[in-house]
Every structure is written in structure tokens, then in C-alpha cells.
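Consider the single chain below, provided in C-alpha cells and representing the form predicted alone.
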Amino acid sequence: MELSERKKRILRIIVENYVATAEPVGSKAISAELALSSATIRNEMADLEELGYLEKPHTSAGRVPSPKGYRLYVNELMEEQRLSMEETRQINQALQIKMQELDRVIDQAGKMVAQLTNYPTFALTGGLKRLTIRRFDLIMVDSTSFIVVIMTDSKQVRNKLFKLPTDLSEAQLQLLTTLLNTSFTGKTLEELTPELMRVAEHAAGSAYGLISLVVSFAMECLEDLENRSVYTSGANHLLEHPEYQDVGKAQKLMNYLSDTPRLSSLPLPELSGDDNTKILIGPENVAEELKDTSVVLASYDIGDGMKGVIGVVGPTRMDYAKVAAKLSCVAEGLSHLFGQGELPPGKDGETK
């Protein structure tokens, strides 16, 4: 059933008042904004409740939006919010850092979003698929230790110090480096084990031991990079919202947000095109722990086949327009930072 424009205006007022106050909204608050009688407003509110757009708490005469009401608001009634120049400047300033390890950049972005929104934040990287080792470098430390530095075809770098029970010469280390770069570069994780077995047929025992040591480290690095990484921030912000004054309810959600394996397996919707944000309201979330919450997501492009998603979790009484605008700005900044090494130019705008 298509709602009348009057019903839509009333629903919009209820959503925005409830977001601002966390208190059920009555006819008096609506009549202050619309030139309608209280009786007319009450009738319209009753209709909206019967249609499933509003809910009536047992202890109040006012109404609150239902997940269905929030969905209509997000789809049709919510105005796009543009950030002020100062808000854009703050986000870009926080992201304006030299290219560092991927996890440090995303972790910092997540903490910033938690501070900007006062909601818990999680960030997921989609994982790089079918990585290969581009190059091995072995650096002598002393006669019984050396450092292995590997670079992948996505320009990710990992290193590790190895200590040996016996002496190793510089010439032996150079020979090992040559063999590794000849036989084990350009191969995926699945291809490294068969190659290691092939080399074992020709290499001497001590030489094979060193080769196996380095290749095993390379395989660990590829496996780690190909898995989805998870970063969470600001779970304590839940306690600032009246919906989570019940410590048991807050603890349940905080435990979920700290469960890295469960978060890493969270199915995420496709985010593409000009609109890189997605809003999931209440029951639209797959995880049982998120059924009474809303999640706002924004996607960013890390490059080299790697995608990421940054999300905010909070009560359904959330300022969706403001949160979506801030997340979209951060995601766009991350995409530019990873892709071009710099942030996008600031955009003039104003907060509605």
C-alpha cells in the first residue's frame, strides 16, 4: 500500500524526533511541525502502526519507528547529508598519513570513525586472492642468523629473523637466495608445496632444510594475506546510548564485536557503483546478535584485487544520513589513499 504524503511527513517527523531524543514521539511534537489537529495526527499514527511502520511501547502513549518504518525512511524520506568543510577537513587530516602497513591504516580509520559517530566500528578487508611471491631477499645478520624479506605481487612485504644451530656463510646465503628466486617466485600458495617436493629430490639435506624453512614462512604469509582481516574499535560507545543501558544486552553485542572469527565470516552485501554505502536495519541483518541493531556499511578499494568494507553498528534509532555521509567520506579517502597515495580534494558542502 502506497502511503499518502501526509503519512510520510508524519513518519519522517517521528523518525527524526526519535533519533534526536530516544523518547517515543506523541501527537503534540508532530502538531508543532504540521498544521494538523491532534485528533487527525493520532488517527494517522494509528494507521501507520496498523501498517507496521510504527510501534507503541507499553509504557508510553507515543510511538517509535519499526524496522519497516526505518526502511521506508532510508529509502524514500531521508535527505542526503553533505558534510561541512570542517568535517571533511577533519576526516582528511586524520587519513593524511604516509602509506604504512595496511593494518595500521585501516585500524586508524576504524578508530576515527568510532570517534566521529560515537558507535562501534568494524573494518573488513576482503583478502587478496591467488597471491604469489615476487621476490626473496636474504640478509646476513651473523654466521648463525639471517633475515628473510619477501615481497608479494601485490607489493605486500613481510620479514622474519631466523636463527640457526650451525654456521652459514655469505656464499651459501647468496646461493639460497638465487634458488628461491628461481624456483619459488610467481607461484600461488597451492603451487608452492609441489615445487618444494620437487626441489627436495635434488637438494642436499642441510640445503633442503633451509629452503623448507624459508618457503614455509612464505606460505604462512600468503595464507595470512589471502584471509579476510578484521579490525574493531569503539565497542564501549554502546554504553553511551539508552538502548544499551541494560548491561546484559550491551555485553551480548560487545562480545559479538570482539569475536574476530565470527566477524570475519560475516556475509556482506555487494557494494558497488556510485553509491558505496548500504544500510541494514534490524532483522535485515543475518547475524542473530545484530537483529535489534542497524549496520551502515561503506566499501573502499585497496587496489591489486583487494576490497574492504567499513561499518558502524548501533541502535535502529540512528542518524542514518549523518553516519552514511561520514562513512562514505572515509571510504572514498581510503580508496584514494591506497590507489593514488593521496586523499581526494575537499568538497564544499553544508550540514543540513
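From 1 onward, residues are counted along the sequence shown. All values derive from a computational prediction rather than experimental measurement.
The following text describes the form predicted in complex with the DNA, which does not appear among the structures shown.
Enquirer: From the list P67, G62, G308, G314, which entry has a heavy atom within 4.5 Å of the DNA in the predicted bound form?
Expert: By the 4.5 Å heavy-atom cutoff, the listed residue in contact is G62.
Enquirer: Heavy atom within 4.5 Å of the DNA in the predicted bound form: which of A324, V295, I302, M45 fits that? Just give me the one.
Expert: The residue in contact is M45.
Enquirer: Counting only non-hydrogen atoms and a 4.5 angstroms cut-off, does K7 reach the DNA in the predicted bound form?
Expert: No, no contact at 4.5 Å.
Enquirer: Residue-level contact is defined here as any heavy atom of the residue lying within 4.5 Å of the DNA in the predicted bound form; does A32 satisfy this criterion?
Expert: No, no contact at 4.5 Å.
Enquirer: Taking the shortest heavy atom distance, is V286 within 4.5 Å of the DNA in the predicted bound form?
Expert: No - in the predicted bound form, heavy atoms of V286 and the DNA never come within 4.5 Å of each other.
Enquirer: Does L51 reach the DNA in the predicted bound form, with heavy atoms at most 4.5 Å apart?
Expert: Judged by the heavy-atom cut-off of 4.5 Å, L51 is well away from the DNA in the predicted bound form.
Enquirer: Between 12 to 40 and the DNA in the predicted bound form, list the residues on our side with a heavy atom within 4.5 Å.
Expert: V25, G26, S27, A35, L36, S37, A39, T40 sit within 4.5 Å of the partner.
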